[in-house]
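As structure tokens, the next two blocks hold two forms of the same chain, structure 1 and structure 2.
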Structure 1
């Protein structure tokens, strides 16, 4: 069995506890306008040309984004960071793209990680059939669950899919007591309003829940990627939230009893 992996990044410090290795799986069912990893959207490897300086000239080098790997190859690469996991209580984070798009491959990788006693984190958009979602979510040591908007219409407009399946998986995860960090991107013009955030907080249980909320202020950092991939960037007019806005958003969740972190 082979999966399509577009990056394995070591010393990832913002995707779960400790020092982590992030495995980026290619292919995503969503098309969020603000996506930070547009190179991971399509499920197949992509050939791109990259310009590189060499001796005063610029040379075009063919490069493939996405590599077909076996779970054992993934595990071998991840395990290079074992000493950092041990030192920090870190582990592996499956992200993407969307890991659930390659559910069998992710499951096989996950199994190898569990055999090696490595802490596993699933970073997911939550848009999957419940049984697909559960195959991975039920065994992950932590789930980073992206919650973008409660309103299905707006969700559809900005991400290409309705919010229903996402909310269903989220509610089921809460009910099942899965260890969760709900990650909410703060995007002006999309969900960064008091009203919207209050409604989103309402989805989460106010009491008796061990999960946390992680607010991710929108950042234009990925803009250059779109240029390199020759893709249009639909977010050119969107500004980055101010520190005060982020703090205000955090307060909405905090005053409802949630543990909140910002940035990531």
Structure 2
């Protein structure tokens, strides 16, 4: 068995507890306008060509984004950082793209991590059939669950898919007692309004759960990736949230009993 991986990043501190290794899997069912990893959208390796000036000439450099790997090869790379996991309470985070697009491969990798007593985190958009979602979520030591909007029509307009399956898997996770951190991107013109955030906060207590919420302010750091891939960036005119707006958003969730972190 092989899966398609486009990056393995050691020493990450924003993808779960402690120092972690993040395994980025290719393929995603969403097309979020603000996606920070557009190189992970397509499920297969892709060839890109960059032009670079050198000595008065233009050199064209070909690059393949994505590599086919076996679960054993992924585990071997992850284990290089094992000492940092043990010292910091870290582990491995499967992200992307969307790990549930490669469910068999992700499950096989998680099995090897469990065998090696490595903490596993699933970073997911939550858009998957319930049996596919539960198959992986039940194995993870922690789930980082992206919640983007409560309104299905707005969600589909900005991400390409409705929010119904996402909300259903979120409710199922809470009811099953899966260890969970809900991550919410803060995006002007999409969900960064008091009314919208109050509605989103209301989704969570309605299921009987109160826990940790991580707010992620929108930024433009990924713009160069779109240029590299020859893609248009539809968010270039969207401003980044101010510090005051981020704090106001955090307070909405704090007032409702959530533990709130920002950034990451």
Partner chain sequence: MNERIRLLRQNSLDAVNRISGERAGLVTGFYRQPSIAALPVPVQRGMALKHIMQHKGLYFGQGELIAGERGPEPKAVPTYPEVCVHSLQDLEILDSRPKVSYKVDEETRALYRDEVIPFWTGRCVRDHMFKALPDTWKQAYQAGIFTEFMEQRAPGHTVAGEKVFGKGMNDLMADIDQALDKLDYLNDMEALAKAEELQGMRLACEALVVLAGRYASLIEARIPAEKDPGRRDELLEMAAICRKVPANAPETFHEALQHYWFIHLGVITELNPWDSFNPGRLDQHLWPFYSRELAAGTLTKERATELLQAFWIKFNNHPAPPKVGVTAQESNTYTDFCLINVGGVKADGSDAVNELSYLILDVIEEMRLLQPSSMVQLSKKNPDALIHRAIRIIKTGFGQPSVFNTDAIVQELMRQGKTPEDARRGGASGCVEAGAFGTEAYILTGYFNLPKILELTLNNGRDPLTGEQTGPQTGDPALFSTYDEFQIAFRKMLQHFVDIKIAGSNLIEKIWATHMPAPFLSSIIDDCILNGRDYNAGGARYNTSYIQGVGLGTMTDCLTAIHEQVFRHKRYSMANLLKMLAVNFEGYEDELAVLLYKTPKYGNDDDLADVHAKEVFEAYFEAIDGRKSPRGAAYRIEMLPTTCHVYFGSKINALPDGRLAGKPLSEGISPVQGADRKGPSAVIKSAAKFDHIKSGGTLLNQKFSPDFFRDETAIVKLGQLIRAYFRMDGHHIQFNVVSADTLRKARHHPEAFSNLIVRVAGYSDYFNDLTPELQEEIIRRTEQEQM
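Numbering follows the first chain given and starts at 1. Rigid core: the largest C-alpha set superposing within 1.5 Å between the two forms. Note that this is a predicted model, so its numbers are computed, not measured.
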Problem set entry | Structure number of the form predicted together with its partner chain | 1
For this session: Indicate whether residue 239 shows a C-alpha shift of 2 Å or more between the two structures, with the rigid core used for the fit.
Result: no
For this session: Inspect the rigid-core superposition and answer whether the C-alpha of residue 198 shifts by 2 angstroms or more between the two structures.
Result: no
Exercise. Does the distance between the two CA positions of residue 223 reach 2 Å or more between the two structures, the core being superposed?
Worked result: no
Exercise. Taking the rigid core as the frame of reference, how far in Å is the Cα of residue 58 displaced between the two structures?
Worked result: 5.5
